[in-house]
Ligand code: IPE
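First, one chain by itself: the form predicted alone, in structure tokens.
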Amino acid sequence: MADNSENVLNHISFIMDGNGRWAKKRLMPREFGHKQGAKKFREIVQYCLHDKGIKYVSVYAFSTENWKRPDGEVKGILNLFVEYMNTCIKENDENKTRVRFLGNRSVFSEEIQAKMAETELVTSKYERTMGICINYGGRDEIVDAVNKLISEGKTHITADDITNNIYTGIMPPPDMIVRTGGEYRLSNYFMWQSAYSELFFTKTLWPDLTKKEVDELIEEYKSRQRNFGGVKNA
């Protein structure tokens, strides 16, 4: 039997897919699905961080491509985002979670950018960390990191340079990435960080994801053998 004792789970990441289809199945508007998805997001993140003791959790909340969606849907998502930040600030002593926003925030209004900065500052005293990828694109992230390094005068760029300048910063690469909703792709998510992540795909729509299924996915992760390009016990 393979020795998988080194399969420590420090960072779990979720591609939260299926909110719109969940609502459609119930003959409800897509915005209703996003509201239910936001509730599930809070439940699953808190479960992973505080019940399961995982140090880092990240979620794919809104991609650079999601701006193509109907204006009403985008506005609804952004309203949920602001509502969530207000809750983080108000309940930070109860949640005990550090919040970091990963992505290009320059497209947001000054008010939203200020609220993002305030949320990160207020929650910065906590160790367990939640990364929210918003206006995030994996390719853009790498390009932004390279351009930043060039602007600083770098003429030779290493892998470590990029790792230290991408949005995730202090967060380690995800050990496992879970995509709900039945699609089998990463959709421009964590293109750099996912090089050796274990990938999991479930047909469960995001609002229907349960703690029990999360436990089952984590158990499967623990059963996998991670060689990182080498050979175990060579």
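Everything quoted here is computed from the prediction, not taken from an experiment. The first residue of the shown sequence is 1; numbering continues from there.
Quick note: we don't show the form predicted together with the ligand, though the next part is all about it.
Although the partner is absent here, Met16 lies within 4.5 Å of the ligand in the model of the complex, judged by heavy atoms. Contact check for Asp140: no non-hydrogen atom falls within 4.5 Å of the ligand in the model of the complex. Not displayed here, the ligand is approached by Asn66 to within 4.5 Å at the level of heavy atoms in the model of the complex. The shortest heavy atom separation between Lys211 and the ligand in the model of the complex exceeds 4.5 Å. Although the partner is absent from the chain shown here, Phe62, Arg179 and Ser187 each have a heavy atom within 4.5 Å of the ligand in the model of the complex. You can rule out all but one of 97-105, 160-168, 117-125, 71-79: in the model of the complex, only 71-79 has residues with a heavy atom within 4.5 Å of the ligand.
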